[in-house]
Structures are given as C-alpha cells and as structure tokens.
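A single chain, nothing else alongside it, follows as structure tokens in the form predicted on its own.
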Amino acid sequence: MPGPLLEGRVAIVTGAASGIGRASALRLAREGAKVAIGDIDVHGATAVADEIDSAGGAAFARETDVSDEIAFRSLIEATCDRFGQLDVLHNNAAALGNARVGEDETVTTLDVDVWDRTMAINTRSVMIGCKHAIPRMLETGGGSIVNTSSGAAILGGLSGTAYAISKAAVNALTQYVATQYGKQGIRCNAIMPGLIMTPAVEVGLTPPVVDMILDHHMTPEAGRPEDIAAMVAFLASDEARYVTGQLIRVDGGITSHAPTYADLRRMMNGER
C-alpha cells in the first residue's frame, strides 16, 4: 500500500488559524507533511499546530503579517531551519473586507487606504511568499505553490471591488510563477473557492444571503473548508505532477452556468 501523499515533505500554510487554512494545514499533516503555520492570529495558529502535534504530526506556529516582507521571509527561514527544507507553500491568508481593512464596496466609495491594504495582504503577500520560497524549494529540486484565489476574481460584482481585483492579480501571478519557474521544478496553481462555510462567512453573511448564494450553486450544499483542503493536498502532491499554471474552480458549479440558472430551475420545478 502506498504511504501518505506528502510523506517527507515540508509545507507552509498562511492564514491557517481558522477556516480554509486550518483545514489545509490539518489535511497536509494527515498526508505526512511537516507544517509551519503563519498567521497574524498567533493564538489560533498555535492551537492548530498543537492539534497536529497531538495527532502525531509535526508543526509549529509563528505570528506573521504576510504583507510584511521581513516577517514572511523570517517564517520561511524558520521553517527551513526547523525542518530542513521547503516543498509546499499554500498562500492562503487574505483580507476579507470590514474585518481586516474596512469598507470595500463600489469604486466611487472605495477608500484608497482600503484598496492599498487589501492589495498588500491579498496580493503583495503572495508575491513575497513566492519570492522567498522558490529559492529554498529549488535547493531540493522544486516544489508546489498553491494560492487561494476566489471566484470573485473572474466575475463582476456590486461590492467587494478591492478584494476581487486583488484575487484577479493572484491569478495572474500564479500563471507567471508557473511559467517562469516550471522548467526548474516549481509548480504553481490557484484555487478559486465558491461558497465555503468558514467561520468568517458564518459571521459575515446572514442565513438569507447564504441561501441566496447557494441557490446559484449546482450542488445541494455549500462547500466546507475540507473541500478546499482536499484540492490543496492533491496539488501539493506528486499526484498533480502534470498540473501547473491552472486556475481551478472548486465552487459547486456557480461559475459554470448561465446567469438565469437559478430562476429557470425554479420555474421548471414549478416553484414560481
């Protein structure tokens, strides 16, 4: 029987104190990876590292503002110092509107400081992570970078302008990294989640709004952080050795149908 997908690998997961990052860190550890967790919420990150350690894995947490180049580089160096190498980087940390940066609505109401902070956390951090992780990955022949993007990056919306554009930039950066370093053994992909029931979503969206968004998904239920973590683990592993430069939608089908899908479905089912 084959062993775990990531046995002998070392991974960094940012924004792993909760939600998608937490699920990804736990899944990578279950697949055999040693995991470093970087998050501005050091208490939450430490709890996740302790959970991995208690299950027989190896992990440590470090307070990290990923928009700070010195701090992010320090996380990468600390990971290599402790575990000897770096094979996987999951750039997951992100600013989600009011909770981190302030009001993010329409272009004409958008504060420039909110725009700048969103770009720093969501986009500049991914560039910083790639900049400093790639040289360490090349020391052992390559590695896998997985960036968390968003379905908002490929569709227009009525609000969340800075967030969506920051994630569109992550998509472009993903393809540039894959192109520039692919022949040296670096794979880079982005995941675009749909509605994922993370703690931030459960707090930030009312049940009627969640139901409205879910109505446009093709799946009967909303996604869970573990659904994204499963894709992260696959992309991090040699099972995905031929997958790079891809923008992968893990979104319950919300971006795969005509805009009239939900209304037509209800009409055909006699609901209206």
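Here the structure is a predicted model, which is why all the values come from computation and not from measurement. All residue numbers refer to positions in the sequence shown, first residue = 1.
One more form of this protein should be noted, the form predicted together with a small molecule, which is absent from this view; the next part is about it.
With the partner removed from view, the residue among Ala93, Val88, Ala190, Val177 that has a non-hydrogen atom within 4.5 Å of the small molecule in the predicted bound form turns out to be Ala93. Of the candidates Ile134, Ile76, Met119, Ile196, Ile196 is the one whose heavy atoms come within 4.5 Å of the small molecule in the predicted bound form; the others do not. Looking at Thr255, you'd find every heavy atom of it more than 4.5 angstroms from the small molecule in the predicted bound form.
Residue contact check for Ser149: one or more of its heavy atoms lie within 4.5 Å of the small molecule in the predicted bound form. In the predicted bound form, at least one heavy atom of Ile40 sits within 4.5 Å of the small molecule.
In the predicted bound form, the small molecule sits within 4.5 Å of a heavy atom of Ala17.
Contact annotation: the small molecule lies within 4.5 Å of heavy atoms from the stretch 64-72 in the predicted bound form, the single such stretch among 238-246, 27-35, 64-72, 50-58.
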